[in-house]
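Shown here is one chain on its own, the form predicted alone, set out as structure tokens.
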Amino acid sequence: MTVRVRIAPSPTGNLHIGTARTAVFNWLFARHHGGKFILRVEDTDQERSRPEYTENILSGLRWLGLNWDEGPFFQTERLHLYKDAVQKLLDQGLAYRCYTTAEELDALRESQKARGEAPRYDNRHRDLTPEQEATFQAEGRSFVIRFKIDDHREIVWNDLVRGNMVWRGSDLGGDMVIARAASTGIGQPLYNFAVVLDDVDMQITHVIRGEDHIANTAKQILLYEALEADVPEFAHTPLILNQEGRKLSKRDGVTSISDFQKMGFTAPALANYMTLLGWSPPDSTQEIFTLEEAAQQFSFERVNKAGAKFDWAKLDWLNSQYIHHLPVDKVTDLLIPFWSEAGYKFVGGRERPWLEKLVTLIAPSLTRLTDAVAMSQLFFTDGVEFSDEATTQLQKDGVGAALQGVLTGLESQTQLEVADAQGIIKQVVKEQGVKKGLIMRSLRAALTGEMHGPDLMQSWLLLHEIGLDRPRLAKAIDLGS
């Protein structure tokens, strides 16, 4: 048997971290077994589906490296298949037209609530006579198609994550709506029916999805049987939780994969982290691996039943490790869009070789790619604002004269190397009788506006290369005078 799995997002929003983690587990399982990973877009909710959401989902999966083998397939292009299957269930007496109005359903729910009962449909239109149907139609009532559920039926399956699962038909809320009506007859199918027919048609062997679908699985098994189709195996993965143990939501600052991109996370780091949200490798000390490496070891025996808590600190650490081990040219490619978004201009000396020198300087300090914007601002702006601490340093006795000595030493330099810079500092120490530490601290304050930051000598060389060191020294001298 060839393993065939699918990810089936709905384009009613951007690709969410939860959907992406489900996609990761499907991809890992397929690759581990040499199977197929299929992409299906469940776009039958036409009121909320948007083309931009579809594109966001596709681009997000590509960015993460979750390449699919078949698809994308779109449900809106398959409506005739659903209608034919619904009609077959009607013809077989396994489904029926229900004319219950919204007002009648509301009244039913209120009466059940008053009696302390769980809400469920009472199957009142399951056995309508042709005359009763004609009467409802004459009244202008619309209808839905309901699938008959035997309350006494026991639904059992072996979940690859949770083991033996048992549900009773009476727990499923009465006969299930599988399609709406339309002016021409059978209309838009609902999720539980469309997903089953798609999985049958696409020969899906394993359905891997979040635990919030467990109740749907019991209903869907009944539909597989009614359609005389093989029932796939199911694996219900743990939900992603916040630190308080609640389901992760926008309130936790987490929304879509594209937001994680904007926040400065790299695709390999985020994909790596998502593999660890509910799964652990055989070597519990291993935390960094590619998707391909994870796929070699992936199995549902190591997927947890308990919810997976989202840990920002762990994701940040993983991201920093990926950034620190990337070649300079790759990090530069990743940073250029963030610099451009910040309005930084790459002109004059700020060309590719210079940018790579800047990346060499700051990359070891990066946790997220966005950190580079603030960290490198002093290299992309002509002026510099002095912090209070830097201002205090520049106003100390002897600082102005020392910086003037450095500025004078620069007059004979067309290019500046580390040895040249060190020679200038040594000359000022000798001529003015000041300590080297005073000059170094004052240089940092003058050139960067701060008392802490990346390597001073390399920063100075980069600023000199684009002609920003002399005007900053002059400004600092004026401040101290």
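If you're wondering where the values come from, they're calculated on a predicted model, not measured in any experiment. Residue numbers here begin at 1 and follow the sequence given.
What comes next is about the form predicted in complex with ligand GLU, which is not displayed.
In the predicted bound form, which of the stretches 120 to 128, 287 to 295, 321 to 329, 189 to 197 has residues with heavy atoms within 4.5 Å of ligand GLU? Only one stretch qualifies here: 189 to 197.
For Ala476, is any heavy atom within 4.5 Å of ligand GLU in the predicted bound form, or not? No - in the predicted bound form, heavy atoms of Ala476 and ligand GLU never come within 4.5 Å of each other.
With the partner left out of view, is Glu42 within 4.5 angstroms of ligand GLU in the predicted bound form by any non-hydrogen atom? Within the cut-off, so yes.
Gln458 near ligand GLU in the predicted bound form, any heavy atom under 4.5 Å? No, no contact at 4.5 Å.
Using heavy atoms and a 4.5 Å limit, would one call His213 a contact residue for ligand GLU in the predicted bound form? His213 belongs to the contact set for ligand GLU.
Single option in Lys219, His206, Arg209, Arg97 placed near ligand GLU in the predicted bound form, where near means a heavy atom within 4.5 Å: When ligand GLU is considered in the predicted bound form, the option within 4.5 Å is Arg209.
Sequence-ordered residues of 229 to 243 touching ligand GLU in the predicted bound form, heavy atom within 4.5 Å: Stretch hits: zero.
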